[in-house]
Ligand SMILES: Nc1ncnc2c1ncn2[C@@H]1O[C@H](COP(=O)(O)OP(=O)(O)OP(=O)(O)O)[C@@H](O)[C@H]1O
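Here we start with a single chain on its own, the form predicted alone, put down as structure tokens.
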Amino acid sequence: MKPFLEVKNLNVSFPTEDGNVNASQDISFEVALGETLAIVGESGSGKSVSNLAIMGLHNPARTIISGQAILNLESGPVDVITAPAETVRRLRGKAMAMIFQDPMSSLHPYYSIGDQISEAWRLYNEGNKKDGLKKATEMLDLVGIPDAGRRVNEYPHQFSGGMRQRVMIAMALVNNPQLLIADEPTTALDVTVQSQILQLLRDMQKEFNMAVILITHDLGVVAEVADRVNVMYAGKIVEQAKVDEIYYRSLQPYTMGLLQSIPRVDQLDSHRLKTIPGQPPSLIGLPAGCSFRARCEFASHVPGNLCATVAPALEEKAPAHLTRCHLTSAQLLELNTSDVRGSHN
């Protein structure tokens, strides 16, 4: 059975006076119904840009997009990159939906919560305003908002941050999409509310059997909800594997650096957190060779100055485990566990 979404060689760039900003380069991945794929990386790594292209939300006059993003619908496959804008508009909100990280800026302050959810439902369903408000009330109740019959008539400013995020989830799911893209859905929420939102997403995924793409910089969130992980750096996927492989057998220096920066309750007394030195490169005129070379503590172990001259390909270095590095899997595992990383004591 084919995955619901297949992304192949997706490239997104933005022309500027200084040159093209190559925000996403040669992005390929897939996600099946019922599966959660997490996309992680620093700000500016291309996580959101790639998924906005899948949703058809870039301004075509200011964006250059190539590649494919195929939705395998019951009626047949549709490539949303090359499909007419009207076709993509009809799919958006119905076959695929997106939750943004700031619900307050995503909700209209002048319209009630019920009116906004009702409008999303009535775009794809026959029914009057009363029917739409009934559906909106059902969705608010489904996502755990108490006293939904009363609160459906309230406005965004009357809801807390966590409740507004629940409203956004209700609006995204009102038409039973098969693909849900959640862009930093727990940003700026406290830990308790964050956990509730993540549990809600898991419950809704089971309820609707959705394919879920979770965009985040929080590796703790990834460990909790993801099945597979794409790690992005400087517009490219640099590692792609199941979540356990990423956490316990990472084969990418950048991912290793991210994991070293996470506090661990079993090592609070004996280990200091490490940081990745330097800054990501500019996406205008990326340097030759490996984009991570200037920040990588393993670069000196690669012979022949390859890191400076040849960009590593995304290769399978272990079963279903792809990474972008000139070192072999054996070398990476050895370096990751050796004294090369320095003492943490």
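Given the structure is predicted, the values throughout are model-derived calculations rather than measurements. Residue numbers here begin at 1 and follow the sequence given.
We do not show the form predicted in complex with the ligand, though everything after this point is about it.
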| query | finding |
| --- | --- |
| Partner-facing stretch of 289 to 297, 303 to 311, 39 to 47, 66 to 74, counted where any non-hydrogen atom is within 4.5 angstroms of the ligand in the predicted bound form | 39 to 47 |
| Candidate from Leu283, Ile276, Ala32, Met55 lying within 4.5 Å of the ligand in the predicted bound form - any heavy atom | Leu283 |
| is_contact(Val21, the ligand) in the predicted bound form, heavy atom dist at most 4.5 Å | yes |
| Contact flag, Asp115 vs the ligand in the predicted bound form, heavy atom cut 4.5 Å | no |
| Exercise: Glu184 in contact with the ligand in the predicted bound form, heavy atom 4.5 Å | yes |
